[in-house]
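First, one chain by itself in structure tokens, the form predicted alone.
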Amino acid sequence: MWKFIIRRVAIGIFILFVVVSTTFFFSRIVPSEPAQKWVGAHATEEQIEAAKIELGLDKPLYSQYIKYLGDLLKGDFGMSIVSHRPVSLELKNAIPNTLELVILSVILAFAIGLPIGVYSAIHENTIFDHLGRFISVGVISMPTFWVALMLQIIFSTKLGLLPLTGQMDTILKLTNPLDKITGFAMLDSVITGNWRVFKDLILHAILPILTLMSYSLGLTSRMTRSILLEVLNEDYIRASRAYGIKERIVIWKYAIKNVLGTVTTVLALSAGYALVNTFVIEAVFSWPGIGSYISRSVINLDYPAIIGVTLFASVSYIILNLIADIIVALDPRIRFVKGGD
């Protein structure tokens, strides 16, 4: 197992190196004037040349590349060309807001999707099963930005039940400021006992979370139903029923064990999908997370910020894939041969 994990980590590091290198060189190929953006639109030639020296753009490309790799190893992502702030600091402020949405959406997708899939499998070819499959396929097929817009129209514009955009009410933010402890707004509001802010944060997060969880929910219920139907035809399940064990115990104690591994693996990978989807969702809901940050960075061709976000997304995917591989490897039926899986 340890050899397997080390091998997967090594592969992940290599992939990360390739991603960083590719993004770095592509960002230099795209026509842009980073030095011009650094000093402003009305800067003189002398100021632009001084900015190039300050940003290290006067050096050969390979020298810039080597320096950037060295800075990355120190945790330095460079300075944002637009805001003149460290990219690492801006990522530190934006990432927790995105992770709150992703984590909550994945947890809810698992908590709701698993029972739906189990119930559909138990009541195969019933009205509930057909309805569950229809909903599962539907939410998987619908584009997330369309789901976001529909939820906004229904719950905000028509019914007026939930806020349309933003993470927190502007007036409440001024009158009842939240003390930052962990960077996760909801968690900080609980730690500090700021319940008014916590309630407002929950209300603002409902629609983005529902949008993000739609795909994972459909995928979880579909996978659970499909795998459970196969498991219920296994000999040990028939034997358990023949011994007179209650159906509830057969399902939730014996059968579900062989379902959770695959479902959790798929859910871990769908978390990566949800992470990327936040780039669109946050733009729709004006959520101050990594998606909004990368949108502004791409528009302004702020390549240090673009590389920083790309690196974060790559690391997240590598970690999630590693978790999924470890979950699969924990299955005693899986055997690893020397030199491969």
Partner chain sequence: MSKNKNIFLIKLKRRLEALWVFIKLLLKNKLTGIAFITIVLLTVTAIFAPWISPYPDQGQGQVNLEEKFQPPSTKHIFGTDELGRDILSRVIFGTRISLVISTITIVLALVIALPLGLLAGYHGGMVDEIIMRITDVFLSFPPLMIAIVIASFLGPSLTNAVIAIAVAWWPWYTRIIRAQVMSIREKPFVKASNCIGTNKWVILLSHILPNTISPVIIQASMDMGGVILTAASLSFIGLGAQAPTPEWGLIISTARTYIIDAWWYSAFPGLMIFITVLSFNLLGDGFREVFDPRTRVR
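Residue numbers count along the first chain shown, from 1. Fair warning: this is a prediction, and the values are worked out from it, not measured in the lab.
Although it is not shown, the form predicted together with the partner chain is what the next lines describe.
> Pick from 200-208, 142-150, 179-187, 106-114: which stretch has a heavy atom within 4.5 Å of the partner chain in the model of the complex?
Of the stretches listed, the one contacting the partner is 142-150.
> Does the partner chain come within 4.5 Å of any heavy atom of Q64 in the model of the complex?
Result no; Q64 lies far from the partner chain in the model of the complex.
> According to a 4.5 angstroms non-hydrogen atom cut-off, is S27 in contact with the partner chain in the model of the complex?
Result yes; S27 sits at the interface with the partner chain in the model of the complex.
> Please determine whether V18 contacts the partner chain in the model of the complex, using a 4.5 Å cut-off between heavy atoms.
Yes - in the model of the complex, heavy atoms of V18 and the partner chain come within 4.5 Å of each other.
> Applying a 4.5 Å heavy atom distance criterion, does I306 contact the partner chain in the model of the complex?
Because a heavy atom of I306 falls inside 4.5 Å of the partner chain in the model of the complex, the answer is yes.
> Could you list which residues of 205-238 come within 4.5 Å of the partner chain in the model of the complex, counting heavy atoms only?
Result: R222, L229, E230, N233.
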